[in-house]
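Structure 1 and structure 2 below are two forms of the same protein chain, each written out on its own as structure tokens.
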Structure 1
């Protein structure tokens, strides 16, 4: 069950008020077709990525949502040129991933590691900046990431949140067109997570394309224009948070009416079920607008209510996997 790609993209086109309008004639930020990647030997092969098609236009903020082991990191490694797909084609701004890296067009914030403990924050940023042909002023970027005040501090003396904002600053130095975040808030406390997303949000307002992998549903819901739901190496849904919620379990329309025809309601497009208890109606539907229009135009319905379901419901419905759903809704923090 997947939102047709065109539908998702049209929706994107209309919801792009961020920053300057991306160049519609330019190449796609990500253009991946038929990506496959397996690990292991013949006897025990793991298909980490099993046929992923993904087109991301400049300016989109996309959440890559899925349980651990869904293939998110494997896909990201391929986008970054850290590993080569077994099959399929992949271009970043029309270039091979390694070339896009060399041109400073794409950068990434990894979840852990990637820092030298004995360098100061500013040295780390200065070193990273020096590697690019063009880069932003170091102190300006440190300021934007909110760590200018600790610029002279050794990395090993920084908190986890500060280290993560340093990784973010390093990724911003080349002013990349595409920023990839692999589970960027893993291990952060609530406050650190909020500060981090605040910094990202301020940055994406400038029109940068962002892909972030997460298994926190709330992050995907709160920060992404578009959610790509991945499971077992495949994309199982692709659309806005609202579309995905709607897709999975639709919405429930509640109303009170004494002259409604249950059969006519059930015949409306998108309706999954109609429950009648006395005068109270409960209609589960994928197209709540059509049901509401019908109720208001053709019946004497009053007290109309439309409730949507959350992403967790959507995830369970789409993947039939309650364990994975529990994992992505934050209950997993007990286990970690």
Structure 2
């Protein structure tokens, strides 16, 4: 059965007050400096994490994005104390990861994992709660996860979205300071995703810290305070969604014209690419004004529109992986 990362050690008890959010003026939720992690032999070594520096304050919601093989899973494994860095330092709320886990300060909700299908939703949560020295009331966390109304339903009768919310409820039982989410809204409909993120936002208002991976780029755009882009074991961008978008230079000029010369457009200063689909044009350029002047003065272009690059454009530009833009959080192999 899938359980929060806290369960393995929480029987040791906690010296920290339960139910209290971490002090924003206290230690960083995550303080990683110069993290390195390699796999393989001397003749063939793969540097999965190659010098990551990451500081996250309590209460932040951080999207951790990157193409397959970027080092995301390896970094998360180190945050969860599942592996140790070869070099560098890592602290969770001022403690070693395993110590933070022992104090019930970290929980993880993974994309997949076994749930006991014959148990009801409430029985699953109650069984998980029994593994903690102290825990939040079962019905309270089911309500916060939006599944109290199906508490008596057997897990096998729950939808994929309801099962994912159950994993979220299980993670909340220890009232952790740090939640690590892998594809948290997989299987949820649009309304379910919105309700889920409203619950997450309510938690972060109390000081909860969230790190999440998602293949819904619009989700990262809408809900993350920060977006961290990783490529080949290194952080290539770290900032707000607006700041990340601005790192992808240029704009796209869209227009409809039946007499446009694609070669002439491509030859204009600052033009990166020209796409023609019938009469519809899409020109990526660093000088949108020059392209607009050409279209208006030299063609019969109508419906002209100039747009800034979106998060998908920035992702492709910064990670160099066009194929990963639609699916950016598949679990990478440690040998990649």
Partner chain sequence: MTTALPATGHARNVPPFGGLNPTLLGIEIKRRFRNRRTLFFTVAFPIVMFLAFGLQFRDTSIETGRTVAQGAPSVVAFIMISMAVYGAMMASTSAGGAVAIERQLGWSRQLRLTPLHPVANIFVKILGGLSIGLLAVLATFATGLAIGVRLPLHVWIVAGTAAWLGSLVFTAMGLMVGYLVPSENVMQFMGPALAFLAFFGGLFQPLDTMAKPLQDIGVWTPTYGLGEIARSPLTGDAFNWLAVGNVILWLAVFGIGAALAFRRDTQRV
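Residue numbers count along the first chain shown, from 1. These figures come from a predicted structure and were not determined experimentally. Think of the rigid core as the biggest set of C-alphas that the two forms share within 1.5 Å after superposition.
Of the two forms shown, structure 1 is the one predicted in complex with the partner chain. With the core held fixed, the Cα of residue 38 is displaced between structure 1 and structure 2 by less than 2 Å. Once both forms are fitted on their core, a CA shift of 2 Å or more is seen for residue 146 between structure 1 and structure 2. Core-superposed comparison between structure 1 and structure 2: the CA of residue 101 stays below a 2 Å shift. Fit the two forms on the rigid core and the C-alpha of residue 198 turns out 5.3 Å off between structure 1 and structure 2. Taking the core as reference, the Cα of residue 159 moves 4.0 angstrom between structure 1 and structure 2. Its Cα shifted by 28.9 Å between structure 1 and structure 2, residue 259 is reported here after superposition on the rigid core.
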